[in-house]
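Starting off, we have a lone chain in the form predicted alone, written out as structure tokens.
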């Protein structure tokens, strides 16, 4: 009975995600560019051989992974603090909860334009503050070593409320009786955080982690608006590289190969994260 109720959702997910994925996989085995007259012609896996030897693809994979790991890690820590704060009872909590969601509700393009202005040289507020304190020009969006950190800041500000909402929902499911019993046994609030809250919150942390890891690994609009992949391709993501091949070079076959390659890397990353979390649970169980 439950399977029948889930069938419409499964069919919808298959239609929205499965059909394009199959299309991209098929196109990755064909040459489809201006050279072929935009006609898909089988090329015996030449796209994949090109991908394996494409240094730019692997550089973008490293940059995308770095962006995803740092931004999602910071988001989890900040979101946990926000969720714990919003779970407490205090006056005006409802208003603050609504205001916390505003960054997430804003369109990414609008938000990215705002951050590009904030980091702008020489007119942005950060550069103006640097001048005020007598510091040298920072050139944040022109320095390959630090520009990616600016994109991380923009992403953390935008998507932390999403994870905070998931963790807050998890906190609402933890019975208050557990904390009362823990206090009666002489437990301290800090100990309750590590003995009750975080263990029971693990499924929600995993959910938020996997969701955000997938979104961060596929980042496109934030990078495109803030930096355009520059300077010197130092912030270029895999999604942006695929877009450039498709829309600038009209090489749709290789663009599809990049997308499928990115999907495989993301799938492996999610499996690795899942395996690490499961292994940690097994170790904790054995220690107990």
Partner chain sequence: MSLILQDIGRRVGRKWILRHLQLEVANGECLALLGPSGCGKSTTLRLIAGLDLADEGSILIDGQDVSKVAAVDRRIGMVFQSYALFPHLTVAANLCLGLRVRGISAAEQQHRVASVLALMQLEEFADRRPAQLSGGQRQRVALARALLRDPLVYLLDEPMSNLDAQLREDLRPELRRLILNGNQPVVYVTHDQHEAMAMADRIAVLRDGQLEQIGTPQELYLKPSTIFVASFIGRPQINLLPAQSGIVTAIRPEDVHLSEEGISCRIIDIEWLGTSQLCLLDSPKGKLRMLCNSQIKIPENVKVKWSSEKEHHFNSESGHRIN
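Quick caveat: nothing in here was measured; it's all calculated off a predicted structure. Positions refer to the first chain, counted from 1.
A second form of this protein, the form predicted in complex with its partner chain, is not displayed here; the remarks below concern that form.
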Within 4.5 Å, heavy atoms only: does residue 182 come near its partner chain in the predicted complex? yes
May I ask you to check whether residue 188 falls inside a 4.5 Å heavy atom distance of its partner chain in the predicted complex? yes
Are any of the heavy atoms in residue 200 no more than 4.5 Å from a heavy atom of its partner chain in the predicted complex? yes
Heavy atom to heavy atom, is residue 195 within 4.5 Å of its partner chain in the predicted complex? yes
With a 4.5 Å heavy atom cut-off to its partner chain in the predicted complex, the contacting stretch among 134-142, 173-181, 67-75, 147-155 is 173-181
